[in-house]
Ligand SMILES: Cc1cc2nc3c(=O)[nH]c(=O)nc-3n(C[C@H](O)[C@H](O)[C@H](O)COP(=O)(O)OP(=O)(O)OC[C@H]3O[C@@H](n4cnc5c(N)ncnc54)[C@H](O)[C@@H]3O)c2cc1C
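Before any questions on how it binds or moves, here is one chain, the form predicted alone, in structure tokens.
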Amino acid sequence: MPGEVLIVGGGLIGSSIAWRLAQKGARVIISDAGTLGGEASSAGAGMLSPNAEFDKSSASRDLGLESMRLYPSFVEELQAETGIDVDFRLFSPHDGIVDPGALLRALHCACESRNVRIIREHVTSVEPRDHSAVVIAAGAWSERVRVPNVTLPAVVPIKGHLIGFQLEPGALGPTRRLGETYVLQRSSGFLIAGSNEQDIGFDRTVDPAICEDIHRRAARLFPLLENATPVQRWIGFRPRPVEGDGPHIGRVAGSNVWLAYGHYRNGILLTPVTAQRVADEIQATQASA
């Protein structure tokens, strides 16, 4: 509807933008093809480590560090508004974890309490003239949305496996990581080990051999896992940009369309900064119109 901001995609990125816009008084609608945040957002482990993700100085590393600085206040505000504990913990100023599933629940609760309309439908095309602004935040599916007179930057789905163990709470301590292998533990005791990368399209098969390889690698980091049995195995699709090193965040020139996708392995880390930038830009643009 005219006057409403349409956000295509209800994962962490889309929902956080909706929340920030609703806080500013905007009328917002989220459209998502299935369960809100049911893809990359809920599949991620929740590791927040910009220095580990980016081994050299770059714009992407700076963006990660900026988002990490925003995380404590972002979480504090969200938890105060919803009463939902998102299991956010800092081990150092630049190293922490969060439960992405709990973060999603809190964001959806905050959106609903601020009258964000949520529509569950598969969006294949959008007419920007029908809305005050449009935000494309559909992760690895973003470029499939057709927008008149707008060429959306391409992304590819990078498949990653993860496995989970139920251990005693506090068994691990801080996150352990070596190369692509990592282990982290929720306050509940649920321990997650990952990961791998495959550029094979939207293949949802869980490969037992890959899961076994992750188990072996994780046990080298945390020997207690050697004799432990995984209680869960799953996959997710990370949206990797085809061109450029960082995510696509910001306005498409000459339009009322904003991009908020292509975060690759760092969608959870970059949630606060993406929400702030996109919401602030939309508000500023509409205020000056």
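The numbering used is simple: start at 1 and walk along the sequence shown. In this text, all values refer to a predicted model and were calculated from it rather than measured experimentally.
Below: the form predicted together with this ligand, not depicted.
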What I'd like checked is whether Ser67, Leu103 and Leu191 together line this ligand in the model of the complex, meaning each has a non-hydrogen atom within 4.5 Å of it. no
Quick one: is Ala228 in contact with this ligand in the model of the complex, heavy atoms, 4.5 Å cut-off? no
Against this ligand in the model of the complex, would Ala137 count as a contact residue? Criterion: heavy atoms within 4.5 Å. yes
Val123 versus this ligand, in the model of the complex: is there a non-hydrogen atom within 4.5 Å? yes
Although this ligand is absent from this view, report whether Leu12 comes within 4.5 Å of it in the model of the complex, heavy atoms only. yes
In the model of the complex, segment of 55-63, 238-246, 251-259, 218-226 with a heavy atom within 4.5 Å of this ligand: 238-246
Using a 4.5 Å heavy atom cutoff, which residues in 249-281 contact this ligand in the model of the complex? It's fine if the answer is none. His263, Tyr264, Arg265, Asn266, Gly267, Ile268, Leu269
